[in-house]
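As structure tokens, one chain now follows by itself in the form predicted on its own.
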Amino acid sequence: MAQKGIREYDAKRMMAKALPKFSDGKIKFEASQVLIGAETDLVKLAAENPWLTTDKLVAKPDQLFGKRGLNNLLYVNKSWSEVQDWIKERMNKTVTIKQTTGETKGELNQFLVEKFIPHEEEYYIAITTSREYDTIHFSTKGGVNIEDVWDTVVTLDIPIMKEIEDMDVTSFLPDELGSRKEIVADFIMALYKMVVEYHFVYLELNPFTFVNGSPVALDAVAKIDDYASFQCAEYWGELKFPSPFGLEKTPEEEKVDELDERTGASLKLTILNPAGRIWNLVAGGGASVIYADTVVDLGYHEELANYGEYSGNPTRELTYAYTKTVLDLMTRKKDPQGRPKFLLIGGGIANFTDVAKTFTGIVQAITEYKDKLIETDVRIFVRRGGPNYVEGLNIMKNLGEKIGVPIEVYGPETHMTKIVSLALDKKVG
């Protein structure tokens, strides 16, 4: 499971779609909202959403950070013209955000604008997931730093094999809700069903309030399991995973994200140091962590260029595109000191990934980049096991002899990360 934060805009968009369905029409949530970036045509946006010019509005950044009010980034009960000016003053500006985890510097580039909802009561709800059970957290003291009033939070654990209908949701809610107990229980049950069906791993509404007797989310924080992107494509709609605030993605990382969204397999890439000389092309999420850790443990953390994985039996075409992206980054510049670079093609022993098939895509990319690989003095070390691994390793060995790029191959008889020390021992310095 890979937990990824999503924008408040997307969380509310999904809620508007899911809540009527999962509450049998009892809960209706209208997401009157727009997302504004630097290239957004504001005139066209207002024409398509006339409520922007008639209603009072709320504006705030939508970039995976909280405490927006405390950071003077919450603009409330304003007109459309005021909101436009406020956003223009802040768009593409670098700011420092103060949160409970510390300070983070980043660029503001996405703003959420929605209808302002006058209200008095503010409530808190969060749904968290763990291996053995899910937990619903609720408080009548929402709208504040919830840790400061945590003694007001009541919880309900739902074992993994239980359904929400098996639980007495109404009884766990505080009596001070009075006549609203039943509608809050319906709201919680619908939210929980959405969390399960849409593969959320975290959902927090702080606060939500009531409008005409119905619960309405004023603020939302959500994370989902991105490995479910293939099976949840219809539920999620057009969904992009933004980078954490202060960590903007490169075009190459965005490209791999697009490849990942097209398949049930997994393709991930994080560039750590474009000038680094140690590049990983690793099969499997667990293996990718182990290979990166091994490089660091051997004392070469400053030379580690990337972190990533390809897994879940990707097609030859996808493996080719992924490998090509890594090779393009790796061969753009020679090492200033004339030292070699290293490509570690590794992984554990695959259960169902056809090693020979995925290696065919890697071979195609390496063949295309042979001149650049030679020019930048790249040495390739391969360790792999699994279905058709012998054929795959022979393909790689023959490739090295054919194109003149040093390629050493090892099978499952060699410890998984042994190629790291074979490549780096007395060769990197």
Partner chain sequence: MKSYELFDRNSRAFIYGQQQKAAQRMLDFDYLCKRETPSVAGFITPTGSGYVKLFFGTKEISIPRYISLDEAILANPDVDVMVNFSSERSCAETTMEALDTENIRTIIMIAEGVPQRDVRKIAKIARERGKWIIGPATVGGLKPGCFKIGNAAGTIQNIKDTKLYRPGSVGFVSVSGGLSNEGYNIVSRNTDGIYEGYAVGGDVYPATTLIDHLLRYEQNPNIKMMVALGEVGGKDEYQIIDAIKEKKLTKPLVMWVTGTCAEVLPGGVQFGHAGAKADSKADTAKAKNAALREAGVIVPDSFEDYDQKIKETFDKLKAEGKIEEIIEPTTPNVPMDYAQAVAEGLVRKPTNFISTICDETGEIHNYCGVPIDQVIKENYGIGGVLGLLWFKKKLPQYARDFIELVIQIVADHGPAVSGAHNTIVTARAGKGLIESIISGMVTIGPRFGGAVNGAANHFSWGLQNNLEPREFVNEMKKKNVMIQGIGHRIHSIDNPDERCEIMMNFAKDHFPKHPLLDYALAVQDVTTMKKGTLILNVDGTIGVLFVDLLKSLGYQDIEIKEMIEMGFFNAFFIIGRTMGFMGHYFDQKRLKTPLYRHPWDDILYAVPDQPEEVK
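No experiment lies behind these values; they were computed from the predicted model shown. Positions refer to the first chain, counted from 1.
The following text describes the form predicted in complex with the partner chain, which does not appear among the structures shown.
Using a 4.5 angstroms heavy atom cutoff to the partner chain in the predicted complex, all of V195, K223 and G286 count as contacting. Residue in contact with the partner chain in the predicted complex (any heavy atom within 4.5 Å), chosen from E303, D260, D219, E309: E309. Contact with the partner chain in the predicted complex, defined as a heavy atom within 4.5 Å, holds for exactly one of L108, A228, L239, A321, namely A228.
Residue contact with the partner chain in the predicted complex: T152 places no heavy atom within 4.5 Å of it. Proximity of T129 to the partner chain in the predicted complex: non-hydrogen atoms within 4.5 Å are present.
For the chain shown alone, R13 is not a contact residue for the partner chain in the predicted complex, no non-hydrogen atom being within 4.5 angstroms. In the predicted complex, none of the heavy atoms of N71 sits within 4.5 Å of a heavy atom of the partner chain.
In summary, the region of this chain contacting the partner chain in the predicted complex, judged by heavy atoms within 4.5 Å and restricted to 108-116, 337-345, 243-251, 92-100, corresponds to 243-251. Shown without its partner, the chain has V289, I290, A292, D293, T294, V296, D297, H301, L304 in segment 288-305 as residues with a non-hydrogen atom within 4.5 angstroms of the partner chain in the predicted complex.
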